[in-house]
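Read the single chain below, which is given as C-alpha cells and is the form predicted alone.
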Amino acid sequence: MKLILSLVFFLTSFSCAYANDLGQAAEKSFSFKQLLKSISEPDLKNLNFSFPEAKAEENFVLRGDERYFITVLASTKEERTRLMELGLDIQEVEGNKVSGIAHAKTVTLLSQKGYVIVEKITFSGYAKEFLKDFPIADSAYHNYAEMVEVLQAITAKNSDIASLYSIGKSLEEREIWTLRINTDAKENEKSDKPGAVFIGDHHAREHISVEVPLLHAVWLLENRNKPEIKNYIETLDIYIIPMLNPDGAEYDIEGGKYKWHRKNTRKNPDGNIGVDLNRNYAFRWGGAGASHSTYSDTYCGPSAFSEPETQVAKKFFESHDNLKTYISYHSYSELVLYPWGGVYEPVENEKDRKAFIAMAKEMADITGYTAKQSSELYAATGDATDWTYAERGVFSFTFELSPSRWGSGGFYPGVSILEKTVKDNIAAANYLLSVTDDPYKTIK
C-alpha cells in the first residue's frame, strides 16, 4: 500500500477531488483499536514489497553522506548553545557530554575551536544501526497519503462535528491538512470557544510525531460520547495538524530507506537542502542556538518565516484569536518543554510562569517524561513555542516523544514503542484539553 498509493489526486483541484475522496473514505474503517493493533502486530506477510538482496554497502542510502553522529564534551547550557550555533544538532544531554548530528564541516570546526569529540560515528559507513527499511519494518507508520486517508475516513464518519481542510501548501505544493473538531463551526469559520491545537512533524525524520496527533484525532472521535470527551467537544475548538512538513517527511522515506532528514526540502543557493522549520519563526529569529550554515540540520533560513510551511503556521495562529493551548510534537528524549527556549531567563509573567510549570509537571507525570524550561538544555531561537506564546499568548509546549536515547532507537525506534507512546500522550493531550478553557485554574 505504501508504495502504490499515489499523491496525484492531492495535487488536483480541491473542490472536486476532495469531495470524491471523502465519499470513498466513508466506506473505510480506521478504528483506534484497529490502528493500535497494526502498530503492535504489523502484518508483514501480506505486504507486496520486494527489495533486491544486496550487501549493506550496496544498499545503504547514506553512503557518501557528510554527517556524523558525535559526542562532545560540554557541561553548561552556554557551551551547548554555542555548539548549536556552530551547527551541531544536539539530541542528547547527559552530564558533561552532548550527542547529536553534525556535518563534516562542523566536526572540523569544532576540532579547530578546541572542543573534545569523544565519539564519532560516520553516516557514510556501513554501520548496521543506520540501515533501516521503510515501510516494511515500520509499516504501521503513516506516510502522507495514508495519513490523509485516515483523516478523511474519520471526518466522513463524524461530519456533524469534524471538518477536514487545508490551511495552506508546502514548498512542493502538498496540502497541509487540518482536522477541526467543533460542534458549531466548520473549517475556517470563526469560533468563540477556547481553542487547542496539536501539531506534528516540524521535523521530517520524527515520524512518531505524526502518529501521536493522528491517533489522538481517531481516539477523540471514537470516544465522542464519553462524558468527559463530549464536554471537550461541546465546549472547545480543537485543531489537529499531524504533518506540518509533508515534503520533508516524504523525502525522508523516499526509496524505502530513511535519510535522517530533519528540514524541509528547500534547495538553497549552494545546493544544500532544507531549512529547519523550528528555527524559522520570527521571535528572536537567528539568535542564540541557531545555525546560519545551510549544511547544518538546524539552519534557520535566510530570514524569519522564509518558508511556506512556517508561513502557513503563522497565518493559522494569527487568524485564530481563540487559541489558548498548543503542543508541538517532536522526537526524541521524553521531555515536556515550555518557554523560554531562546533565552535562559524564565518567563517574566509570574502567573504565566507558574501555570506553565504546573501544566508541564502534570503532563510529565502522565507520560513519565521530564518537565523543564527549554533553555535549560540549550538556547534555541526561532522556535514555534516561543513565538506562539510571545506573539499570540498561547500556552505552548514542546513534547520530545519517546524513546529517551539514541541507543533505544532515536528517530527510528520501530513499532514496538508506538502503542505506549500513543496512549500516554493521548492522556497528556486530554489533560491539556481539560485546562484549555482556563489554563490559570492549574494554579488556583
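Quick caveat: nothing in here was measured; it's all calculated off a predicted structure. The numbering used is simple: start at 1 and walk along the sequence shown.
Omitted here: the form predicted together with a small molecule. The next part is about that form.
Figure note: of the listed segments 162-170, 334-342, 183-191, 95-103, the one touching the small molecule in the model of the complex, with heavy atoms no more than 4.5 Å away, is 334-342. Contact between E250 and the small molecule in the model of the complex is not found at the 4.5 Å heavy atom cutoff. The small molecule is not drawn, but in the model of the complex it has a heavy atom within 4.5 Å of E206. Taking the partner from the other structure, the small molecule in the model of the complex has no heavy atom within 4.5 Å of any heavy atom of S402. Using a 4.5 angstroms threshold between heavy atoms, H330 counts as touching the small molecule in the model of the complex.
The contact with the small molecule in the model of the complex, taken as any heavy atom within 4.5 Å, belongs to S374 out of S291, T155, S374, T325.
Only one of the listed residues (I70, A379, L35, V394) places a non-hydrogen atom within 4.5 angstroms of the small molecule in the model of the complex, and that residue is A379.
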